[in-house]
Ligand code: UN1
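Single chain ahead, written as structure tokens, the form predicted alone.
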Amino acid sequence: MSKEKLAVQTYNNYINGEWIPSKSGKTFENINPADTRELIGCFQDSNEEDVNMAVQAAKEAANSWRLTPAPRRAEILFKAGQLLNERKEAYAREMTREMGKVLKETRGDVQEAIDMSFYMGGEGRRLYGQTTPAEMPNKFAMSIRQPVGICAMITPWNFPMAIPSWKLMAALVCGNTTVIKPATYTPLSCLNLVKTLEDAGLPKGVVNFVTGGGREAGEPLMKHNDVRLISFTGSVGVGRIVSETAAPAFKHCHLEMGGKNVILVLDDGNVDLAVEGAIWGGFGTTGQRCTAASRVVVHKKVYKEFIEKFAARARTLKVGNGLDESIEMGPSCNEGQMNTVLNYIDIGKNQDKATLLTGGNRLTDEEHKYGYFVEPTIFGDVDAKMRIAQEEIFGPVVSVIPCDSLEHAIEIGNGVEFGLSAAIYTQDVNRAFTAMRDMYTGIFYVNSSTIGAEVHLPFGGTKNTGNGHREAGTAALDLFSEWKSIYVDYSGKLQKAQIDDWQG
């Protein structure tokens, strides 16, 4: 069926508690990457005027929301979590249609939003500061959190509900108002999250949702004088622009960017378990995770066994439309990403001259010809300095690199510009702890893959992965709040800290 024959729904922006069209009068299409004949819907192609309206709405709502007691703010997050749980299957199916990853994974994406809603809801009755003894008599000292202000959020397409929930729930419980612009490839999932917050009773103007391109909507959002914090998840190139945009006005800037993550398989590791971890890490979400395991460093003693089992298992993966419960890997999210993946495969074969162990092609048969499908691809005998082992591909391509020892494996693992996630397979606790200490990443796993972070621990990385901030866990509260130190002197006289010498 052609796109023209489909009953297509048009979705609006959400500004000041109302669903309204863009002032531009333009829309863009949201296409199913597994079947490009299917049009999911049309979304607003917003411009600076829409952004200004959204920021103004956030500004008008800021004082009332800031003064709403945190436990009351938290109750709305709890309600949103309950509603998300009720709507989980419907939202997961819509996410699979717009993003492509398989149902088991989109259910997990929605579940992460549920978990984050409940977790940050719990923080509404904590938001802990400190109390501490003052150095003067009859004086009390403490610290509290206060909201940053209006937060701009720009989110990616690979986790189109989970990542917006990481940002929104933490910002909201801290008392901030927000404007969120989702990726143009996956706006429906973020819209569903915002609609859920509306249904949970969120006051108008507290969250505003604007769709559109980076230049037309994202740039004016970042540059707006009333925005005090920019939270961005995406590529290093765009992240650098975000940082440069935030710098002149000293806006808070949070960047979560790329990864070139590694699994270390030592000679005493469980090879079969490591193979399953490498399959999940390399081809889960079609390799479109910032934590994807695109490198596997394997000790030479078990290298041959590993690559034979790894390639054999990859060949069995069922690739197709993720709405089919039997499918294990979906398409690339869009044509541009698919072409990037195919280009890196060509680099691996012809420039790097690595050994292609399996895959390497776009799938164009009758079942796959309308989608952006690439075979699960593995390169062997990869040198750590090759481009396919250094650059983020963001697709189902894994490089297997031989090593001589634990120290050699760690050296290879650290030898990239990113530092997000790493894993080791070993039965030796001493080796495991050595790798935990020496791998310079923000996340580390032992006898598991590089993906699967949980909402109650900090998420983020080192080096070019980010700029030092963390999402999730209580670390997110430090991102979306400012510390205020308070001193209460009830001595009835002027006491001068560091000057008065109290003798008792």
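A quick note: this is a predicted structure, and the numbers were derived from the prediction, not measured. Throughout, we count residues from 1 along the sequence that is shown.
What follows is about the form predicted together with this ligand, which we do not show.
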Check whether residue 289 has any heavy atom within 4.5 Å of a heavy atom of this ligand in the predicted bound form, and answer yes or no. yes
So in the predicted bound form, does any heavy atom of residue 189 sit within 4.5 Å of this ligand? no
Within 4.5 Å, heavy atoms only: does residue 453 come near this ligand in the predicted bound form? yes
Residue-level contact is defined here as any heavy atom of the residue lying within 4.5 Å of this ligand in the predicted bound form; does residue 105 satisfy this criterion? no
Of 425, 159, 232, 283, which one comes within 4.5 Å of this ligand in the predicted bound form, counting heavy atoms only? 159
Which residue among 166, 379, 310, 373 has a heavy atom within 4.5 angstroms of this ligand in the predicted bound form? 166
Out of 151 to 159, 380 to 388, 215 to 223, 69 to 77, where are the residues with a heavy atom within 4.5 Å of this ligand in the predicted bound form? 151 to 159
Note that this ligand is not shown here; using its position in the predicted bound form, name the residues of 91 to 107 with a heavy atom within 4.5 Å of it, in sequence order. none
